Each structure stands twice: as structure tokens, then as C-alpha cells.
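In C-alpha cells, the next block holds one chain alone, the form predicted on its own.
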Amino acid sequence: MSCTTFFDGDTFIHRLDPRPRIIVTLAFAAVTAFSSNSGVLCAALAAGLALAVLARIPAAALRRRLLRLNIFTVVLFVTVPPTFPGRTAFALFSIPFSVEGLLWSLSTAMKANAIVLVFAALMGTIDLFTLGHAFHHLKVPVKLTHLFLFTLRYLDVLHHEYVTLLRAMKARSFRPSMRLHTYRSYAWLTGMLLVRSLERSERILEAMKCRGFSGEFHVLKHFRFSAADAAFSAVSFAVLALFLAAELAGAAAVW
């Protein structure tokens, strides 16, 4: 188990400053999530695909991400249309599926896929520790940034602790089953993992203080906002402005 994997490469996207990528990704997600215009959603999906191609995201990895996401969108198509008021599109086993419910499910699926594609292309190409560094430069609260970095660093360590404890249980002939003893054993496992996590965190804090840690991480390499970053930001926000204009124009036409 590792939290430090990302889509490595040497494309134009990879060479961009992480800070504008983070801002553009969050702005894109906000605009897309609140949009209800079908044209805007199609354009957002196309933009996500274009960025994924530019970042050269491996097709197999992208398929896995989208497959996991669309398992939940299939659930939407099954559960929302029968309960959504509106005109009946068809009936399945005497259960009416409304046109409005199907359109709402399709809209939600398009939003989710577009946002995941953009996150994969712009955020998934940033090393997670570089991402923490970028959060610091974007004035995210220091405690949140440190919590983010420590979580990334030690989640893998805690997983190894969990595997060690589970292996020790199996060495003592533990076999999971639908019995009270199994639930009690997993509760003990969780409690012991929490105890070991607390002990490990105290040792780590003492070791860091011995090495002069004063609440700040020092870095050797800093980001530089280049002309390419400015061009990317300008084009991105121009596209988002067009999305907003189309959304507002559609809303005005409805009224």
C-alpha cells in the first residue's frame, strides 16, 4: 500500500507550476458541479478528455478510475428515475422511469466523469509531497498542510502495522467467520492499532524535536511561475468564463 503513487511523466502538464493547476482544478470542479446546461457539460467532458490526453495518463489506469466511479452512476440510473417526478419514459416490471430522472442521472454522471478526468490530468500528475508544498504556498493553514503531509507519510506505516497484527492473529489460528468472537477480535485489532499509532506518533515527535523541528518544513526547491503557467491559467479561466456565460445564458432563456 502506498499513497505516494501518481501519474509520472514529462509532458507540458507535468512541467506546469502546481499552484495554478490546483486553482484551475478547483475552479473547474465548482463550475461543472453547479452547471445544468447540457452543452456546458459536454464541453467540460471534452475538456477533461483533452487534458487527460495531453498529460498522457495511462489508459488502463484511467479506465480503472472511471470504472469505479461509474459503478455508482449505474446505481443512480437504477434508483433515481423511478422516484423522480416527471413524464414517464418507460416502465420496467411495472416501475415507471421518468424522463427528468434519467436526464438528472445523465447530468450527474457527466459532471462526475468530467471532474475525475480533470483531477487525474492536473492533480494526479503532481507528486503528493509537492502538492503539500503547493498548499503551503497557497496559504492553506499550516496545521492542515502538516496534517496532510504526515497522513501521506505514515498511512503506509500504519498499514504495515495492521498487516503485522493481522499476521500475528492468523499465526494463532484466527479465522474470520460470522461469530461474536470474530467481531471482538477485530475490535481488539482496531484498539491495538490505535495504541501503536499513538506510541509511534509520540516517538516520531520526540525524534523530530531532537533534530530541531520547530513547526516548519524547510524546502530547497521553490516554484517559479513561468510564461507557460500564465498562458495555461489565462486559457483555462477563459474557458471557464465561457462555461459560466453559457450557463447564465441558458438560465436566462429558461426564465
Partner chain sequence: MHISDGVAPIPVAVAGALAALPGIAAGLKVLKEERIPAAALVSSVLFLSTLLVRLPLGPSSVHPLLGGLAGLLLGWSAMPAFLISLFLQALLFQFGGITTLGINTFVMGMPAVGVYLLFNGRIRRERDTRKAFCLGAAAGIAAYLASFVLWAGALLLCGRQLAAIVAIAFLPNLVLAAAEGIFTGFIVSFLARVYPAIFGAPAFEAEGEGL
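Positions refer to the first chain, counted from 1. Since the structure is predicted, the reported quantities are computational estimates derived from the model, not experimental observations.
Omitted from view is the form predicted in complex with the partner chain, to which the following refers.
Since the partner isn't included here, can you check whether the partner chain sits close to all of Phe225, Phe237 and Leu242 in the model of the complex (heavy atom within 4.5 Å for each)?
Not a single residue of the candidate spot has a heavy atom within 4.5 Å of the partner chain in the model of the complex.
Do Leu106 and the partner chain come within 4.5 Å of each other in the model of the complex, heavy atoms counted?
Leu106: no, not in contact with the partner chain in the model of the complex.
Partner contact for Leu193 in the model of the complex: the partner chain, 4.5 angstroms, heavy atom:
Result yes; Leu193 sits at the interface with the partner chain in the model of the complex.
Contact between Ser197 and the partner chain in the model of the complex at 4.5 Å, heavy atoms?
Although the partner chain is absent here, Ser197 would touch it in the model of the complex, with heavy atoms inside 4.5 Å.
Using heavy atoms and a 4.5 Å limit, would one call His146 a contact residue for the partner chain in the model of the complex?
Yes, His146 sits close enough to the partner chain in the model of the complex that at least one of its heavy atoms falls within 4.5 Å.
Quick one: name the residues from 15-47 with any non-hydrogen atom within 4.5 angstroms of the partner chain in the model of the complex.
Contacting residues: Thr25, Leu26, Ala29, Ala30, Ala33, Phe34.
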